[in-house]
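To begin, one chain is listed below as structure tokens, in the form predicted alone.
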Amino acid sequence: MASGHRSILIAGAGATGLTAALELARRGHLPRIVDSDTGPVALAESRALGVNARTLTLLSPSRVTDAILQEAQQLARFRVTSKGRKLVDLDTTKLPGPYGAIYALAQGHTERLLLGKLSDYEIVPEWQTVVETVAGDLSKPRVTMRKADGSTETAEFDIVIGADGSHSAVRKAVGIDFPGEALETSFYLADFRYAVPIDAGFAEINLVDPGIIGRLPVTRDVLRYISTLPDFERRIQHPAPVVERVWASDFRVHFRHVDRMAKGNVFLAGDAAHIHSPAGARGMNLGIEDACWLAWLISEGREKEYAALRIPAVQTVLKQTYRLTSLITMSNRVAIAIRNLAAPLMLRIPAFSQNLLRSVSGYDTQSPPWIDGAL
């Protein structure tokens, strides 16, 4: 069977699933994509914000990158301070290649840009459609789906991609474990809209020891604050008069990843396969990376190589985000003092600062061989 004629089902129409559909479509496939929600992430809920240079490289052939760059805010600097003392001031523009290391764009906007490009191929997600079972011979998975009107459909597919989030129905249906741990620390976030434009060109973490208050731009008049402190909102020093509190949420950080990202012809991508701290803004970007690699491998008839190629990248990112999260949430006073003394010294070492920049940009994972000149 020609690769372009294989029947493919994608469960999950978030950024990972939409990317998988788009990358498959531009290679001649016509995947179905279903999602249990009513539509993409609400624009008011910023959720995943960071879009790194690796993602921009991966989405450049589909021209989604051009659209992202028109809307996103480039984060030219990343700063870490403690009691008014600057520990880190990283210039993220000093990166080889056509893009800066990282940009800010609310997840709902990113998803809508992906949806717009996907519509060029006449592929539209089937919203309010729930995957209930994945059964049978997993070389030809049989999937039962329940639709919004309560009716069910059972069909066989050549390939099933589970991009349906951390509670993945696909992962559970095929019996793939999701081991890991949850941190005791909770994180809290809130987005505020201001009466006038604010400086949206940098991200900053203020270490209050113990605890953090981070500041990230969402748009030119909206900032996100993220903290480990339940009362962080009263500590915020707002840069301008507040018009409204746009959105707020809280969550526990988990570090989990599957031991295998495939079983038969069922493949897992994004949060269905790995979750970790938001430190470093790698979550959505890593899922998009999974999707692009899987689509390329499917089009090459090499999808059996997917797990072996992706697990090392997943392990690298989880280790880095765990280390970074531990550094910014430590409570031992001696450890804090050592960190605050060492951080500025380490950043003076060119190799260290370059490695940090590569991590922020996402260039610390394998370069995509299908894109000429990719870093």
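Throughout, we count residues from 1 along the sequence that is shown. Only a predicted model underlies this, so the values are computations on that prediction, with no experimental measurement involved.
There is another form of this protein, the form predicted in complex with a small molecule, and it is not shown here; the text below is about that form.
Undergrad: Can you pick out, from Gly214, Pro217, Pro125, Pro278, the residue that has a heavy atom within 4.5 Å of the small molecule in the predicted bound form?
TA: It is Pro278.
Undergrad: So which of Ser60, Ser36, Ser326, Thr316 reaches within 4.5 angstroms of the small molecule in the predicted bound form, heavy atom to heavy atom?
TA: In short, Ser36.
Undergrad: Within 4.5 Å of the small molecule in the predicted bound form, counting heavy atoms only, one of 130-138, 151-159, 87-95, 177-185 shows up; tell me which.
TA: Selected range: 130-138.
Undergrad: Is it the case that Gln74, Gly100 and Lys117 all touch the small molecule in the predicted bound form, with a non-hydrogen atom of each within 4.5 angstroms?
TA: Verified in the predicted bound form; spot residues all out of contact, no.
Undergrad: With the partner left out of view, is Ala169 within 4.5 angstroms of the small molecule in the predicted bound form by any non-hydrogen atom?
TA: Result yes; Ala169 sits at the interface with the small molecule in the predicted bound form.
Undergrad: Find out whether any non-hydrogen atom of Gln107 is located within 4.5 angstroms of the small molecule in the predicted bound form, and reply yes or no.
TA: Yes, Gln107 sits close enough to the small molecule in the predicted bound form that at least one of its heavy atoms falls within 4.5 Å.
Undergrad: With a cut-off of 4.5 Å between heavy atoms, is Lys263 one of the residues that contacts the small molecule in the predicted bound form?
TA: Output for Lys263 is no: heavy atoms all beyond 4.5 Å of the small molecule.
Undergrad: Contact with the small molecule in the predicted bound form for Asp164, defined as at least one heavy atom pair within 4.5 Å: yes or no?
TA: Result yes; Asp164 sits at the interface with the small molecule in the predicted bound form.
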